[in-house]
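A lone chain, given as structure tokens: the form predicted alone.
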Amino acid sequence: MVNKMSHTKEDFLPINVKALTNNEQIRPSITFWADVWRRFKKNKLALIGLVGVIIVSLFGIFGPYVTPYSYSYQQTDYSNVPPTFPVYRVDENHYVFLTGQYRLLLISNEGEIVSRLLLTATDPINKIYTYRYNDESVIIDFSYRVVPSRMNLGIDYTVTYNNSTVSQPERTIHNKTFLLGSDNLGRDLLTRIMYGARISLSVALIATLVNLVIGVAYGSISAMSGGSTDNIMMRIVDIIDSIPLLIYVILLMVIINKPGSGYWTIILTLGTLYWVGMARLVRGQILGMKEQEFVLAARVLGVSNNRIIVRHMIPNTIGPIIVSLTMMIPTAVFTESFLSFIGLGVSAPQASWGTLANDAISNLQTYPYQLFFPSIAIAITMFAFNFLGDGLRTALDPRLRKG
């Protein structure tokens, strides 16, 4: 006997999904790059490096557009003016500042250089110099350095104008005309550092991209080919890596031998030598993966080696490649600065951090700021990229992840 069950409308109502959901919420899955960014944000030094890279890049790209000077603009009357200087008041609205070359500059209350005052008379025995301002004489008296009776007064020199003598500067003022000072030809140091950032970063970027293409392609082909082909290709890498950098640069400069070719010589040098490290890195990564199951499965399906490299090998080595590129940029910046410093880089009047440091060496004791600011720019760039690269290495390498 079959029991017949009766059904009502309530038996066919839609199920309330929320009532069946577990109260414990499941964390939504995140992508690989989202997980990398999450781990990267925990590294404070890496974030500082990222901010530093952005600032240096913006400084070099957009900085030259906002400065009123070009990298080659010279004002010889205003040479070797420091970023801050002591001033002596001559009237209500103006001060004077004496440079190391005994040029007397008229300075406004805001710190802007107005003009250079004309030297009208000198007394080389007593070290007295007379300048002209508003049809009146401004007398700079250095006799306190040479007259024995005055040498114990502790005065460097006095400024006399309109029957008023001042022996001590009224205050130290910031240079509003040249924020970081001027060099020995009266060029704005800040502008030249901006152009130097553009040159150094462009050299590093172009060389790094060339190294990326050549190194990844060469290392991948060598690893996938194996056997004697791999052995021959790696011996070629060893030969290239054994060539000293300076000899290679000198040979290229002799071969090219064209004015202004230093910029492209450095790019060519870095692009043809620095890829060997990338090739070794990629080869090592692919050798560790070429016998894994997903590669064997692709080969069974008839996929060519080139397609395996592009679709499987390179995407699985992208983490070490990015880290290597990030570390390669500061190396290229330092190499470019070094070659320019020894005279094998960009030629005058182009501005590079290395050439700025080289120009400042002769005036190091007298005008140390001319070496200090380019050196600080190089150091900041090196630290920023190294912090960024170390943070990316920690975030991308699963063996270094701690949570």
Partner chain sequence: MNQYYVKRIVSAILTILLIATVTFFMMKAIPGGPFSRERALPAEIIAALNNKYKLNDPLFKQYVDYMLGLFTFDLGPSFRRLGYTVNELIAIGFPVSAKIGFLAIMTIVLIGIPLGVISALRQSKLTDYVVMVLATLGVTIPSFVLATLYIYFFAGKWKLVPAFGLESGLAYIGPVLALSGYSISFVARLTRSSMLEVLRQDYVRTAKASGLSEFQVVFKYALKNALIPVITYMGPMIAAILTGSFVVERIFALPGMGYMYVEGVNNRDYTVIMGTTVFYAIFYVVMVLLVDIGYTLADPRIRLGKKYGE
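The structure displayed is predicted, hence computed values, not measured ones. Think of the rigid core as the biggest set of C-alphas that the two forms share within 1.5 Å after superposition. Residue numbers count along the first chain shown, from 1.
Below, we refer to the form predicted together with its partner chain, which is not included among the displayed structures.
Colleague: Just give me the single entry in 66, 34, 364, 348 that has a non-hydrogen atom within 4.5 angstroms of its partner chain in the predicted bound form.
Modeller: Selected option: 364.
Colleague: Could you tell me which one of 146, 118, 297, 239 places a heavy atom within 4.5 Å of its partner chain in the predicted bound form?
Modeller: Contact with its partner chain in the predicted bound form is made by 239 alone.
Colleague: When its partner chain is placed as it is in the predicted bound form, are 342, 372 and 383 each within 4.5 Å of it, taking any non-hydrogen atom of the residue?
Modeller: Every residue of the candidate spot has a heavy atom within 4.5 Å of its partner chain in the predicted bound form.
Colleague: Can you tell me whether residue 315 touches its partner chain? I mean in the predicted bound form, with a 4.5 angstroms heavy atom cut-off.
Modeller: Judged by the heavy-atom cut-off of 4.5 Å, residue 315 is well away from its partner chain in the predicted bound form.
Colleague: Can you tell me if residue 111 lies within 4.5 angstroms of its partner chain in the predicted bound form, counting non-hydrogen atoms only?
Modeller: No - in the predicted bound form, heavy atoms of residue 111 and its partner chain never come within 4.5 Å of each other.
Colleague: Does at least one non-hydrogen atom of residue 186 fall within 4.5 angstroms of its partner chain in the predicted bound form?
Modeller: Outside the cut-off, so no.
Colleague: Mark residue 280 yes when one of its heavy atoms lies within 4.5 Å of a heavy atom of its partner chain in the predicted bound form, and no otherwise.
Modeller: Because a heavy atom of residue 280 falls inside 4.5 Å of its partner chain in the predicted bound form, the answer is yes.
Colleague: Based on heavy atom distances of at most 4.5 Å to its partner chain in the predicted bound form, which listed stretch, 53-61, 66-74, 35-43, 372-380, is the contact stretch?
Modeller: Heavy atoms within 4.5 Å of its partner chain in the predicted bound form occur in 372-380.
Colleague: Along 230-246, which positions have a non-hydrogen atom within 4.5 Å of its partner chain in the predicted bound form?
Modeller: Result: 234, 235, 238, 239, 241, 242, 243, 244, 246.
Colleague: Core aligned, does the CA of residue 251 move at least 2 Å between this form and the one not shown?
Modeller: It does, since the residue 251 C-alpha is displaced 2 Å or more between this form and the one not shown after the core fit.
Colleague: Rigid core fitted, is the C-alpha displacement of residue 292 between this form and the one not shown 2 Å or more?
Modeller: The answer is yes; the displacement is at least 2 Å.
Colleague: Closer or farther: the C-alpha atoms of residue 335 and residue 250 in the predicted bound form, versus the form shown, with a change of 3 angstroms or more?
Modeller: The answer is closer, because the C-alphas of residue 335 and residue 250 approach each other in the predicted bound form by 3 Å or more.
Colleague: Quick one: with a 3 Å or larger change, is the residue 349 to residue 245 CA distance smaller or larger in the predicted bound form? Answer closer or farther.
Modeller: Residue 349 and residue 245 sit farther apart in the predicted bound form.
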